[in-house]
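In the structure tokens that follow, a single protein chain appears in two forms: structure 1, then structure 2.
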Structure 1
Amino acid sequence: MMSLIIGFGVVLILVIVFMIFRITNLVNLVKGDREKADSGNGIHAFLFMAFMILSLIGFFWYSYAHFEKYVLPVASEHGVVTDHLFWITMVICVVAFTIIFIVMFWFTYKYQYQEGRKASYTVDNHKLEILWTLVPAVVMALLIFRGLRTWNEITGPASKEAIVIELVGQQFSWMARYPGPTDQELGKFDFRLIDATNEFGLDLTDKNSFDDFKSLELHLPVGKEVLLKIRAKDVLHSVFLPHFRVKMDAVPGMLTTFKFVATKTTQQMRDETGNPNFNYEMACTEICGKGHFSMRFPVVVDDEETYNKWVASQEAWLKANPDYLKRVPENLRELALIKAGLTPDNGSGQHEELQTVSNR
């Protein structure tokens, strides 16, 4: 409370000082003492120019000296394209800002008040109006068209060879679901089947769900296209993978997607940054509640061989939760046992027969 009173008092004193300054100037003008009223024009004009020069020097020096602190290394194919588009936009904005900044302060200095000099009055200038309307419009149109083409490429359909991974956000954690190695297809889900154990809402009437497995880390293969299927169980979340330039909202009741190709393994990024403890991570960029800070998800990028070994070592969700076998249709139960790794294929050909039945 005391801090608020002190702050209010400081603001009040500044307002009073400003009003005294204004009243003094007005009184001088009424008395006709223009020389005294305008005596500070030259000093103020000079200070404006000094501020302009020092500000521009400081702006460009700081941007150059601390550039590395604000730029993350890029580790995806589309990230290179989006970064290129970003820097084109940034260069245009900085050039426009610099020109406007210089002109604004130069005019303040150049056309300061001088005795006997009056400003000329111009109703309009059609050439200038056309110039400062067309130039920004053309530049903006070019940026938009380039951006739309890039966006359409990023959000277009994934290839048939893409590895599909499901990401589910909830308060306050992430979890990933991978297709099993036997069919490499994600099974269906139904939000009405979600419970304390079946967190994904796996539909066990779909044979593709039998070997799906859960992961509390996002593993990605380098050089392979990945399609993220993103959804939320409660409120709005957002998938953010900064090094891959991936940002997509997780919306309750709606499936969103994002495809990309990782180009650097975790070890390669450690070598590039010189940080042996470097790790990729995924964050939530929506303020989704009090526990929002805890929604950090480890991300590992492996070479293809390491990634395949990791997938092969994972345990199917159904194997970890065998009680849910009762929800599997009876005619698919034996196939579920085999795909979940609950029973081995004895080589009798039973696996092939069950696969044939399940495909009918």
Structure 2
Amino acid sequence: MMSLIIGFGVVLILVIVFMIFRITNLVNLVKGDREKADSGNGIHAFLFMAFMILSLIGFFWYSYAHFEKYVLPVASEHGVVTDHLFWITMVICVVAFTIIFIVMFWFTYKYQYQEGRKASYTVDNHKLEILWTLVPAVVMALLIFRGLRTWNEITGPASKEAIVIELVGQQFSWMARYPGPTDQELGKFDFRLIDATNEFGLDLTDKNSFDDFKSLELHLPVGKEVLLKIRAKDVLHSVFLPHFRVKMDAVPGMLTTFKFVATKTTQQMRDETGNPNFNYEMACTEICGKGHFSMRFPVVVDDEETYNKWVASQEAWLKANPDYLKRVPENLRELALIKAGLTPDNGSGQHEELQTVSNR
């Protein structure tokens, strides 16, 4: 009933608006059209001017007053550089934008129609045209120069000492794999070996895989170069670490990398932002399906000591899943037991017992 009344009301209002439209139309027809057109012209010119002034005030006010709100604190070495470039570009853009914006709307106001005035017959002006082609070209050249230098540094090869961490995206979560402390090398993987337990598809014929461990948090040491090796299991995903200015797609069938140095620990960031609950986060920025928006991965930046302790405290994947020892070739089992931190006494053949111990 209520919606019927509302519907009726809406129809009534529309009919009234339509009637007003018809009547003013007829009145204008009687009065003649020219007068009306001229007055409308002045109104539009005035509105353009008002729009220009109000929108510029709104733009500068919001950008200044809410600066803290939209600028993310930066916590990586290259992030400082790209942010710098961002702000250089911003200054250039805002200056150019403001000048053109003001000039354009000022022209619309100043040169609004006046009976009897004749527009100037300006066809072109080569000097002016060359000037405003060259100026943007030079500015672009500077931006390109700065940008490419930064880009080459960011995408250049990582140093040998870089800590390698593997990130794997899947619908709809992330996993991290760290090389074990004994060999510092990630083991090989193959997507055909993936199953419900072996989520990484670890190739256990490779001895480097024995001490690799899985983490559901990304732990990073502060001040050390980290090389992310990124891959995806099912569809495209994208690693996005907003505070570190890091973004790289995770592509099934293709390994991608990103190297960076975190400069602030989580604790330092908490102190700096004054937010005791601050946490770094990682998000997915490539559309990947229903749960795209929920692929949050916690990130922790520790000082080196804490980080090393954390690494030492992690359990090798093989230790957590001793069933998979049988995938290890006979001649490597001994090594696997040692690297994974399993007691050799409990060797292969006693999986059940081991499993109960480690799954406790």
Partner chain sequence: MATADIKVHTDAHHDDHEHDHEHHGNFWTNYIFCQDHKVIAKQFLITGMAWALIGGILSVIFRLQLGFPEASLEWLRPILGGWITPEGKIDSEFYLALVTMHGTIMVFFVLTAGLSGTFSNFLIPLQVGARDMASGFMNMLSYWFFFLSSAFMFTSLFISTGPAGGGWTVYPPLSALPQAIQGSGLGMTLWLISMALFIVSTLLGGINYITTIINMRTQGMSFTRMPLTIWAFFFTAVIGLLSFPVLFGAALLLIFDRSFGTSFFLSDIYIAGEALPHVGGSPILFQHLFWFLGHPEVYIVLLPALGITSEIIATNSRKPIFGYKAMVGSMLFIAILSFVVWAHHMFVTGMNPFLGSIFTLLTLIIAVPSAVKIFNYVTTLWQGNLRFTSGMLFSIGLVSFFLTGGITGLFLGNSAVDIQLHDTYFVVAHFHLVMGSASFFGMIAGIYHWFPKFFGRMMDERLGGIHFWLTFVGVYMVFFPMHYIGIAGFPRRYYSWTNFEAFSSFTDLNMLVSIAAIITLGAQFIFLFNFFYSIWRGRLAPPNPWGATTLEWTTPRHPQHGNWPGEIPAVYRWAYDYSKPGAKEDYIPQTIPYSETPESNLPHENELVKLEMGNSGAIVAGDKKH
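Rigid core (definition): largest C-alpha set, two forms, superposition within 1.5 Å. One-based numbering along structure 1's sequence throughout. Here the structure is a predicted model, which means the values were calculated and not measured.
J.: Do you reckon the form predicted together with the partner chain is 1 or 2?
T.: Here the form predicted together with the partner chain corresponds to structure 2.
J.: Taking 2 Å as the cut-off, check whether the CA of residue 54 shifts that much or more between the two structures after a rigid core fit.
T.: True for residue 54: a C-alpha shift of 2 Å or more.
J.: In Å, how large is the CA movement of residue 12 between the two structures relative to the superposed rigid core?
T.: For residue 12, the alpha-carbon shift amounts to 14.8 Å.
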